[in-house]
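Okay, so here's just one chain, in structure tokens, the form predicted on its own.
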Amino acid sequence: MSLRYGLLGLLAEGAASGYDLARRFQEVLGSVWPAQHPKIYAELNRLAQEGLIEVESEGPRGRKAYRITEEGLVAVRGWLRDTEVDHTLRMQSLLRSFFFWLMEPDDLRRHLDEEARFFAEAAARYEEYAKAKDRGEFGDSPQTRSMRIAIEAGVRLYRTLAEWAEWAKTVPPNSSTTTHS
């Protein structure tokens, strides 16, 4: 259900084609809420049928640019204000950690090295975005201020996951532990 609100939020920034929305969705929201092109186009059709968006223009080869309607703005604002947040995290890295006991120690160490490296690199990417935003490279619109808040969450989340992977390497293989640093 959140795909629709992600699309409505992006259209609240301005009109865009399905292709542009798919690219923007991947660019801005892909690591948080991935969506494939066919799902995006199907959701755009549903949003248009429900009157939450409308076709602003049609270009070559039937390319449509959509814009959000007043009803769409009301819907996305209501979602932000009134809908309970789903705090479920679907992270394969954490799911796998429940089964580390099945791995050979050397395989586990290599896996955790890769995880730590991935998360540290992701944190560094988000930190670069944060620095660019703080230098004013993205302007100072309400959208970019919200983007900065989201970027900071990415920095902190990935930094913490990198620390978690490093910590996990210190736990003796196939042992139970209740230590926490």
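For clarity, every value in this text was computed on a predicted model and none was experimentally measured. Don't overthink the numbering: it's just position in the shown sequence, from 1.
Omitted here: the form predicted together with the DNA. The next part is about that form.
Novice: Is Asp20 part of the interface with the DNA in the model of the complex - any heavy atom within 4.5 Å?
Specialist: Taking the distances in the model of the complex, the answer for Asp20 is yes, it comes within 4.5 Å of the DNA.
Novice: Is there a heavy atom of Pro142 no more than 4.5 Å from a heavy atom of the DNA in the model of the complex?
Specialist: Output for Pro142 is no: heavy atoms all beyond 4.5 Å of the DNA.
Novice: Within a 4.5 Å heavy atom cut-off, is Lys39 in contact with the DNA in the model of the complex?
Specialist: Flag for Lys39 set to yes.
Novice: Within a 4.5 Å heavy atom cut-off, is Ser31 in contact with the DNA in the model of the complex?
Specialist: The answer is no: Ser31 has no heavy atom within 4.5 Å of the DNA.
Novice: Using a 4.5 Å heavy atom cut-off, indicate which stretch of 151-159, 133-141, 62-70, 114-122 touches the DNA in the model of the complex.
Specialist: The contacting stretch here is 62-70.
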